[in-house]
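A lone chain, given as structure tokens: the form predicted alone.
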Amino acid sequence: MSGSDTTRTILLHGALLAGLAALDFVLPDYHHGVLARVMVLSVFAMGYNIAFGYTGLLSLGHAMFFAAGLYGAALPIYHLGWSVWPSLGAGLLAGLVLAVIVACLALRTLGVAFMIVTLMFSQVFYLTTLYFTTYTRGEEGLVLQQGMRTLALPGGHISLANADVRFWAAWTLFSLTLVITLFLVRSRFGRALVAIRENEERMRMLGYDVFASKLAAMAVSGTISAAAGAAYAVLFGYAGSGFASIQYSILPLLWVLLGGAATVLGPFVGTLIMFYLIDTASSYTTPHMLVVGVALILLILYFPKGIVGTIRAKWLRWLP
């Protein structure tokens, strides 16, 4: 990437973050809350994009990493009375450990078999959250009261139940993940992941440890997804088994495909559009998913590589 392309990339992503920050002051309450939720869920999609978009690992089990972060943060707060910071750390650690364990086993398979194995692990995790209903409350879920969601800072304590604080916390997480993803995909490691996706055998012949690279990609992907789950628990005060279901393994795949796989901004664009598609359609008709399905088909027909991916292919080739 040339120097001018790097400058344009920095300016584009900086403008996006600045625009999102400015929306905190102008959005009505409802959309203010929606955007905070979208930013957290788009972090989940970014994590999925590392595995699927850049490495070519089609996983149907990422709900377990999101839920590991969710429960890893929520359970210590609810049952042990932990504060927010160590609970967030526990959520990240839970996602990382689970991702490494699952990847060590699932990466011994390829293609459809990998997809099925990750789905099986995810379903086991989902059923485990239902089995231990005494602690997880199953589908009913755990509700974290406002007093449990107080963040300790050098200047004092702030409540994550406050709408403005929640928005800025979501914005901070989104910004950090965006910068990390941008750095990662432009690094030597990121380029190696793309090369593995395109031709795994050639990379192996060149001396790359393909298994180790895939394992690292899954570890990063699972940790980012867990970070989104942990943030969701402490920001919105809820953790339920539904987040470990197959739906939350399919949703990040749809978000990434809609926005553009292997693009930095694609997961955010896909999450935002999908969220508002469902929200708008459900306000007009009961079979709203039919409307959403038609809209998605049209979008895919006109943007076959996803919205950001098609824009990059046709007009802005410097987009990362």
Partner chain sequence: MGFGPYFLLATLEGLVTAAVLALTALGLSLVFGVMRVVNVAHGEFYMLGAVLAWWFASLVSGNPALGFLLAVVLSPLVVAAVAFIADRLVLKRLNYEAEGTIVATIGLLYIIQQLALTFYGAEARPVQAPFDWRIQLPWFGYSAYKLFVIFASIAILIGTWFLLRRTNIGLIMRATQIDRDMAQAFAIPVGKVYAGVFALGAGMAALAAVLIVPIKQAHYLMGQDPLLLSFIVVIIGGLGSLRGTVVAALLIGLSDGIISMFFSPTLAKMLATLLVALVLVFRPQGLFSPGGVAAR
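Positions refer to the first chain, counted from 1. The structure presented is a predicted model; accordingly, all values stated were derived computationally and were not measured.
Omitted from view is the form predicted together with the partner chain, to which the following refers.
None of the heavy atoms of Leu176 is located within 4.5 Å of the partner chain in the predicted bound form.
Although the partner is absent here, Val117 sits close enough that one of its heavy atoms falls within 4.5 Å of the partner chain in the predicted bound form. Contact annotation for Thr172: none of its heavy atoms lies within 4.5 Å of the partner chain in the predicted bound form. When contacts are judged by a 4.5 Å heavy atom cut-off, Tyr131 counts as touching the partner chain in the predicted bound form. Looking at 68-76, 185-193, 109-117, 219-227, the stretch with residues near the partner chain in the predicted bound form, meaning non-hydrogen atoms within 4.5 angstroms, turns out to be 109-117. Looking at 285-302, the residues that come within 4.5 Å of the partner chain in the predicted bound form, counting any heavy atom, are Thr286, Pro287, His288, Met289, Leu290, Val292, Gly293, Val294, Leu296, Ile297, Ile300, Leu301, Tyr302.
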